[in-house]
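For reference, the chain that follows is the form predicted on its own, supplied as structure tokens.
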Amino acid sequence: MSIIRTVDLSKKFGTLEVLKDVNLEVNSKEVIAIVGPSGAGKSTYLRSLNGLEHITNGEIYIDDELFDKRVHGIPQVKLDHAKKVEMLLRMGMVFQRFNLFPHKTVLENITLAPIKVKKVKLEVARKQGIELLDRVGLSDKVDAYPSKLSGGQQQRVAIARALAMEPEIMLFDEPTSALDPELVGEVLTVMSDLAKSGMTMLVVTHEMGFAKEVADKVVFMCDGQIAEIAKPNEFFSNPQHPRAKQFLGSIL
């Protein structure tokens, strides 16, 4: 059973159509790398899945349950607030920028949402937060403030913060693009470990090594559409779509 499925998903900004009938099915524990040129619609697609962007047309299913359906931007399904929140909480997201609260410590950044949104008790949230920091290799930064951390460390805190909500699915929107090259590896290591643990992941990325080594499938997007879906070894050794061939030829 698919954990996320989109059917004929389209998105317009005014007259500009940035997504065109995108159909994709993601199964539980799959790691999907979404690659393609800038402006292909990759980040917009990811943001559409959790409602950060409202789709114009199409359907979004979570665990085969209809989450959103729109025709010309008009919602066709009405979920009560509690149900919508419950479905949204199945997804965690990590952005290009870390978006940590600068006036709160690392641990406070991680525990804020579980305490406020899920009503987790402070001592329980702190215990879970410390465990997550250990998981991302930052157990010694519990009381540090974001300004004292490198970009790679801040992004690892952002990953721990997303995991604190215990999501079933993790969405990564170019999580290493804002990092200096020498800091990219530490974030990709955490993501690789997360994939090995069985987390379902959709990753918009320019890191082709990660896509080749960690992903179960590579989705190539261009001009707002999915042009090719393939296993990593097939995609990188013998891409079928002309734009995919051109893309790989320009970056590899």
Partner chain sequence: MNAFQQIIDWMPTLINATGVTIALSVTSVITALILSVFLALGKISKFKALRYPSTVYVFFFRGTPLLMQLFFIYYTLPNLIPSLTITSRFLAAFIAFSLNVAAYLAEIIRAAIQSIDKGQMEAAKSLGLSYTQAMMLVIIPQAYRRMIPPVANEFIMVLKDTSLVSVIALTDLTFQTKIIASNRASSLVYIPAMIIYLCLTGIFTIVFNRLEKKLSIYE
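Note that the structure is a prediction, hence the values are computed from the model and not measured. Residue numbers count along the first chain shown, from 1.
What comes next is about the form predicted in complex with the partner chain, which is not displayed.
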Open item on the list: Residue-level contact is defined here as any heavy atom of the residue lying within 4.5 Å of the partner chain in the model of the complex; does Lys212 satisfy this criterion?
Closed with: no
Open item on the list: At 4.5 Å between heavy atoms, is Ser150 in contact with the partner chain in the model of the complex?
Closed with: no
Task: Interface membership of Leu52, the partner chain in the model of the complex, 4.5 Å heavy atom rule - done: yes
Task: Arg70, heavy atom within 4.5 angstroms of the partner chain in the model of the complex - done: no
Open item on the list: Just to confirm the contact call: exactly one of 70 to 78, 113 to 121, 128 to 136, 175 to 183 touches the partner chain in the model of the complex at a 4.5 Å heavy atom cutoff, so which is it?
Closed with: 113 to 121
- [ ] Using heavy atoms and a 4.5 Å cut-off, decide whether Met91, Phe95 and Asn99 all contact the partner chain in the model of the complex.
- [x] yes
- [ ] Could you work out which of Lys29, Arg47, His206, Lys217 is the residue within 4.5 angstroms of the partner chain in the model of the complex, going by heavy atoms?
- [x] Arg47
